[in-house]
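So this first bit is one chain, no partners, the form predicted on its own, shown in C-alpha cells.
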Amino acid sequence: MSRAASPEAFREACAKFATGVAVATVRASDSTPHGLTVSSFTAVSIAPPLILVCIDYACDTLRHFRASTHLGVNVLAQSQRELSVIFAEKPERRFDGVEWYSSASGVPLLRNCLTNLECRISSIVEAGDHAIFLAEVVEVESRDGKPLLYFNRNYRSLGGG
C-alpha cells in the first residue's frame, strides 16, 4: 500500500524498522548528568570510529549536548526496559535512583549495559527538526547479553538461544 509522505505515514514507516534501544548521556556545565532515550543512533565509520545520534530540537536536554565536548551512548540490555522508559518519559532528574559512573572525560555512563561508548563530539549537523551529533568513539566497554529491541512502537526481544 502506498501513501503520501505525510508525517503520520513517515512515522508509521519508521516504526517498521526494528532497532536496538540506546540512551545518550552528557554532563552539563554544572556537572549534573542528563540523558535521553534515542531511536536514531548508528555507527558511521570504523576508521576512525564514528557514531551519530539525532536529537529533536524540542528536547529539553539538547542544550546540554550542544554545550558539551563529549557524550555517551549506552546500548541497553533486554533487562533494562525500565531505563528506556525513565529516559524517554521522566521530565526531570532522570538519573535519580539509576546506577551510573563517570567516564575518563566525565561523561555519565549507565551500568550493566550491553555497550557503553564514550565519544568526543566532532560536529553537529542541523537537519530538518533534529540536530545530528557526529562523534568519535574514544572508549568502548561491552558485555555479553541480549539487546532491548524496539519495533512497531513496542519493546521486543530476540527469540531462540
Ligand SMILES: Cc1cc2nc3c(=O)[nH]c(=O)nc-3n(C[C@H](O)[C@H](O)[C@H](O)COP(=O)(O)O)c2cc1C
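Residues carry their position along the shown sequence, with the first being 1. Here the structure is a predicted model, which means the values were calculated and not measured.
This next part talks about the form predicted in complex with this ligand, which is not shown.
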ask   = At the 4.5 Å heavy atom threshold, is residue 110 in contact with this ligand in the model of the complex?
value = no
query = Is residue 70 close enough to this ligand in the model of the complex to count, meaning some heavy atom within 4.5 Å?
reply = no
inquiry  = Using a 4.5 angstroms cut-off on non-hydrogen atoms, would residue 124 count as touching this ligand in the model of the complex?
reply    = no
query = in the model of the complex, does residue 102 have a heavy atom within 4.5 Å of this ligand?
reply = no
43, 132, 28, 59 - the one with a heavy atom within 4.5 Å of this ligand in the model of the complex = 59
key: One residue of 114, 98, 55, 50 in contact with this ligand, assessed in the model of the complex (non-hydrogen atom, 4.5 angstroms)   = 55
request  = Within 4.5 Å of this ligand in the model of the complex, counting heavy atoms only, one of 115 to 123, 132 to 140, 89 to 97, 102 to 110 shows up; tell me which.
outcome  = 89 to 97
inquiry  = Just to make sure I understand: among 120 to 155, which residues lie within 4.5 Å of this ligand in the model of the complex, judging by heavy atoms?
reply    = 130, 150, 155
